[in-house]
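The data below hold one chain only, encoded as structure tokens and taken in the form predicted on its own.
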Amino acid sequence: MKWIYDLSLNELKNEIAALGLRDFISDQVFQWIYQKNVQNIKLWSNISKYNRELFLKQYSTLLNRLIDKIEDKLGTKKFLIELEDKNRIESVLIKEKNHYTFCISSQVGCALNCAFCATGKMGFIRNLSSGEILSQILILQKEIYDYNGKINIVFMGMGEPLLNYKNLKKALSIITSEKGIDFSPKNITVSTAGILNYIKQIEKDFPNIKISLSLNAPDNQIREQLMPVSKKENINNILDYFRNYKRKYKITFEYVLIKGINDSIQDAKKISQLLRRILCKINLIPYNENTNIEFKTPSKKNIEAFKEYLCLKGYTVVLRWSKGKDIKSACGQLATQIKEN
């Protein structure tokens, strides 16, 4: 029995045609599973009983299993989701002032082993399928089923999205399709540690989706220590691409401030030079401490001084105190298989 969420609309159309059914039924199925978020085939009222019984034999429409859900006092919720093979991932629902944000995972674990990130300590287990990506969004939508306002989707959960590009692309096609979940591309952000070839590819395939780059260092030497991917993907090459490629939106640079590592005024001066002539905004994220990692959060004085310097140089800077720290759902804290000291 096939899991229906792993099928694109065209793949479903081909399978339905092979069953001898009319083409428009695939559109009806997509409407039920993605727009109405109804998994019970028996409730698909505009599809004949015969066809529903046929689908029951052919397809599984169950979402991945929700194992646990915890919430902090500000309304941030972390979801522990079990996959078919018993691996587990985490997704986060963030309640903002005027909207919600879905933080979505793309891999089980991560191969990049960034020094400050708990997910990297899990190691890489496997990529998520497109259906496993989509299932997270549908689970989080059920949590706010009566909400009709703005929702942002950010691929900033577990894993490096661009190293799972085939399945990410397939999922994004359904997320942004009018016949799928129908999210506006401008409300979707893909965060990356910097895989240049795939940054170029996603900007070609989805020109209205936003890119966020995890910068985290004032030069490639320090970045190599924090983010080993920099040994293969030199930050200067990535920044040259951002500097010379015209796009419709600002690039967001995520900069995790770590005490004594990258939080000095001298570091801020280097950042100011490094990002010159790039249309961008900078998100400063004070490091979220983890019992398994020795890094510390800088003092508020240092954080404010760092921000002020960049603002005086004309940059748009947002100081982002991550939500969900007390439930370990903040930036860099997602991990399902790390034992506490």
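All residue numbers are counted from 1 along the displayed sequence. Values in this document were obtained by computation on a predicted structure and should not be read as measured data.
Here the subject shifts to the form predicted in complex with a small molecule, a form of this protein not shown in this document.
**Study point:** The unique member of Glu90, Asp267, Glu254, Glu233 whose heavy atoms fall within 4.5 Å of the small molecule in the model of the complex
**Key:** When the small molecule is considered in the model of the complex, the option within 4.5 Å is Glu254.
Review point. Of the options Tyr100, Phe116, Phe79, Tyr165, which one has a non-hydrogen atom that comes within 4.5 Å of the small molecule in the model of the complex?
Key: Looking at Tyr100, Phe116, Phe79, Tyr165 one by one, just Phe116 meets the 4.5 Å heavy-atom criterion.
Review point. Taking heavy atoms only, is Glu132 within 4.5 angstroms of the small molecule in the model of the complex?
Key: No, no contact at 4.5 Å.
Review point. Are any of the heavy atoms in Ile181 no more than 4.5 Å from a heavy atom of the small molecule in the model of the complex?
Key: Result no; Ile181 lies far from the small molecule in the model of the complex.
**Study point:** Touches the small molecule in the model of the complex: Ala193 (any heavy atom, 4.5 Å)
**Key:** Residue-level check for Ala193: yes, a contact with the small molecule.
Review point. Should Ser26 be classed as touching the small molecule in the model of the complex when contacts are defined as heavy atoms within 4.5 Å?
Key: Heavy-atom contact with the small molecule at 4.5 Å: absent for Ser26.
**Study point:** Heavy atom contact within 4.5 Å of the small molecule in the model of the complex, the stretch among 149-157, 244-252, 181-189, 81-89
**Key:** That would be stretch 149-157.
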